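This text opens with one protein chain seen in two forms, each one given by itself as structure tokens under the names structure 1 and structure 2.
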Structure 1
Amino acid sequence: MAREVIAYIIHKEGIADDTAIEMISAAHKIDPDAKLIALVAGSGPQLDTVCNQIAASFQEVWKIDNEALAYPDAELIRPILTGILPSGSIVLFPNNTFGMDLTPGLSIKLDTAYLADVVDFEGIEKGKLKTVRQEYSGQVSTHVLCDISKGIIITVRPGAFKADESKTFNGSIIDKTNEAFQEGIPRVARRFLEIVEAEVGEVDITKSEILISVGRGIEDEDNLEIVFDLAEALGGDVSCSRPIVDAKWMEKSRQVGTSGQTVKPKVYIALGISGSFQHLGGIKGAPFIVAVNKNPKAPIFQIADVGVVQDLLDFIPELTDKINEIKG
């Protein structure tokens, strides 16, 4: 019998998240012959829309439909999944804020192995799954061998696997609702109340064509001036990485990344930013990326088009002067 790989599908307003089809290529890297099963929880017509969409890419779709699941609350979904996931399964989740909330505890409840934020798979050898992870914000990678004899829960990094729509199936949709709610709606000790939307700020960096983005390498709030001077010379806007917002040096609406804004400029200049995946996750539309960083091994240089290995505190004023000089 083919090995089964189950992928948990994140969806919103009737549309499956990009990670749904990324997990297909992830699953094929685990085992090219694996049978792919999508697991989709939610409620009502929007859930059906997602299931129909996903059935084209998966051999089987397991649907769990209940009003209580209208908002995906990890504390509620965990006991439900504990009840329906077959023992010994390989189950994939995206490493997003939902996956992070749900999965470590799920692995304990199912008594399986656990691995978070996997960026690549290198197949199964002698019953062990070989995976690739990163440590130290992407500065080094590691191979991790996983004992999957009792199953494993894995979160995969969004964007790390290519979306795979090469194979089309007419997957059967199997309603697992009754099985999932055999014992009624689980009683949970955490109750979801509401979503508070992020505040809108003075500049809308999502509309900027030129972004001058500053990170922890700026070292001191007073140094921000040289960044704003450069932005003015270039006619661009200033954005930043998360530590700048955490330090309260800039407002949250200027933060680029998964927990900030998604930007799509033509040119992105990263100053003293290491290039964590959470930061890069907010840069879309393949801009021309320039990175200035004093560490030649900073991961940002792997994705930038052009790099300058220098101390930004010295380099930026020189660059600004030159631009002002040409502009006259």
Structure 2
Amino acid sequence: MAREVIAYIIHKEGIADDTAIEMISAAHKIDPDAKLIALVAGSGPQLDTVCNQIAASFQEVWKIDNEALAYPDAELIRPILTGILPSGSIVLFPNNTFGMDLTPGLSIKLDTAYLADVVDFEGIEKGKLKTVRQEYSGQVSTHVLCDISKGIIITVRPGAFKADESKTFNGSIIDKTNEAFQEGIPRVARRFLEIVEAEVGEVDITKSEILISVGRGIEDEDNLEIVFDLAEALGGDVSCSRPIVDAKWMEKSRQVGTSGQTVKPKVYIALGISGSFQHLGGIKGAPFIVAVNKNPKAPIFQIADVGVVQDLLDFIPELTDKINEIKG
């Protein structure tokens, strides 16, 4: 019997998050022959849209539909999942703010192993799952062996696994709503009030096709001028990581990451950015990523299509000059 891997699908306004397809790659690295099950919670027609979309990539889709789930509240969803996840399940969640809120308590309730922020899997050997995490801001890769005899809850770093659309299914959609709410709607201490959209600054980086993003490696505010020169040469916009905003060198509207903006450019150039999961969590759509960092062990290189180990203060002006020369 094929092993089952269940992936929790994040979605918004009827569109599944990019992590949905990334978790297919993660599941195949756990077990290439695994049966892929998507678990989708939400409410109304938008939930049906997501389920139909996901069914093309998963063999089964478990749907939980209730008005109370219109906004993803981890405190509400945790007891619901406890009631429907089979004993011994391998369950994947994105390592975003929602996943980090939900999963530790869920693993305790299910009495399973728990592993957060996984960047790679190396298969199962003698009932133990071999995984890879990163420590010390990505400077060290840690190989972790987990006993999965009682199941395991795992959060997967967004962007760590390439989206896998190689297989298509006509997956069956199974309504788990009655099973999930057989004891009624759980009572929770918190409730959703409203979504406050981030302010759009002078440049809306969420609509940019080319982003030149700068991090703490730029060293000084005065050095930002060369970044804007490069952006002008490329016809792109300038964005940044959180340390630049914290230093008040750029406005919050230019920040990429889980506490900033979510962007989907075609090209993303990361200058002096280490590549924390909080930053990478704001990059969607599998852009072509160019990373420039003088630290060869920077985590950003693990997801970059092109990596340049160089002092960006030397590299950026040379690149700008070369681009302008080619443009004539």
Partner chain sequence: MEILVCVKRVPDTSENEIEVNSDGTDIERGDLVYSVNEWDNYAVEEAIQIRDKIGGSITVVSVGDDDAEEVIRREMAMGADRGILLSDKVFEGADGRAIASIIKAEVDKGKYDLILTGAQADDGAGQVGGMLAAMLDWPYASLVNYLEVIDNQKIKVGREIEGGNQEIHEINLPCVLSIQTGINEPRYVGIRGIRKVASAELPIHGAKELGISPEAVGHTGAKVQKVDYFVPDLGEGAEILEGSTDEIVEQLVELLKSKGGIK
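If you superpose the two forms and keep the largest set of C-alpha atoms that fall within 1.5 Å, you have the rigid core. This is a predicted model, so every value here is computed, not measured. For residue numbers, the reference is structure 1: its sequence is counted from 1.
Here, the chain labelled structure 1 is taken from the form predicted in complex with the partner chain. With a cut-off of 2 Å and the rigid core superposed, residue 319 has a Cα displacement that reaches or exceeds the cut-off between structure 1 and structure 2. In the core-superposed comparison between structure 1 and structure 2, the C-alpha atom of residue 274 has shifted by at least 2 angstroms.
Once the rigid core is used as the reference frame, the Cα position of residue 283 differs between structure 1 and structure 2 by 2 Å or more. Superposing the rigid core and comparing between structure 1 and structure 2 gives a CA shift of 4.0 Å at residue 241. Once the rigid core is matched between structure 1 and structure 2, the CA atom of residue 303 is found 7.0 Å away.
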